[in-house]
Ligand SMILES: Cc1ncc(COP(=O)(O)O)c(C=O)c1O
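Next comes just one chain, in structure tokens: the form predicted alone.
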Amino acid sequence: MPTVAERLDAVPRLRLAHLPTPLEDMPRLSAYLGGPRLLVKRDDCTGLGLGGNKVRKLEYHLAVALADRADCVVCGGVVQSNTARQVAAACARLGLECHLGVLRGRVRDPEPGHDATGNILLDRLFGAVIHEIPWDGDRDRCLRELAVQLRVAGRRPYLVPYGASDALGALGYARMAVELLGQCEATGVAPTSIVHASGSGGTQAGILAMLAALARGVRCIGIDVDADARRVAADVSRIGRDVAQMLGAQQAWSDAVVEVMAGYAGTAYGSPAAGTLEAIGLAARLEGLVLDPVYSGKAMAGLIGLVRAGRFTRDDAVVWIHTGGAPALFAYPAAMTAVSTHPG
């Protein structure tokens, strides 16, 4: 019977990311909080298209696209979607036409310039074809319809799901878990918890499935960035079960390990809360890390909040995953000016 590693290696994969990404201590933030040892896994440094966590997922999805002889790729998200930007960059590198469904209306009261800078500017720079789509709450239906339209027109589209978050894409984070555990072992770190942003669910699902498959008792805590923690947790469980089955570890999976922390997302997706802005300022000034107000800023706020709430001991080693997203920072100039003017 194949091992977990053999099952993972048997799935076709492109090499798009700069791996392994660094694992670094955050000593100044840890000292400021008076908490456990804090480390950061720098998945903002995956390279392609200014990096981010989706590149790991696209290594699997776009391997299938090439094998299927697709001539274009369909994906999408909000105007400042990090997924869309990384898909557009990958398509440019691979010579595939990229069609992005840009969902208008999900982010409430965006700042002036929100729709012209940051990720959407890069999407256009990478040559993506932009399709304007009104947000109706169904993140994938409109993308499936766009793929159908292209197929009817004689094209061979490959659909990357919202967030690249399904079992196939989540394999990128099953592999990341192995990479991270290896780095920790090599440097004498015994991680007790992993913390990161959780939205479309694939990152957390992949990590949890691999931790279960390897019988590693490390917690993986997702910080809800959608202001919809129940839906996020349900998606993590659904995807995680599928990943565990792909790894031959379905018996090891339990929905009970899924932890998605609410309370750090603000009032809505894409709307930074006060804690988000504090976290962005602290990360910048104490560790030189650039965070965005949609994903990584909220995830850092969650980490800070958990430390302040005493959820970790001083002897714990907590790895926070920087999932990227810095280009979106430039779509929130007023919020970022407030951070720099009032550092806290």
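So that there is no doubt, residue numbering starts at 1 and follows the sequence shown. All figures in this text were calculated on a predicted structure; none of them were measured in a lab.
Missing here is the form predicted together with the ligand; even so, the following discussion is about that form.
Comparing 50-58, 280-288, 307-315, 25-33 against the ligand in the model of the complex, the single stretch with non-hydrogen atoms within 4.5 angstroms of it is 50-58. Looking at residue 197, you'd find a heavy atom of it within 4.5 angstroms of the ligand in the model of the complex. Not displayed here, the ligand is approached by residue 201 to within 4.5 Å at the level of heavy atoms in the model of the complex. Shown alone here, residue 323 lies within 4.5 Å of the ligand in the model of the complex, counting heavy atoms only. For the three marked residues, 117, 271 and 332, no heavy atom of any sits within 4.5 Å of the ligand in the model of the complex. Interface residues of 29-43, taken as those with a heavy atom within 4.5 Å of the ligand in the model of the complex (partner not displayed), are absent.
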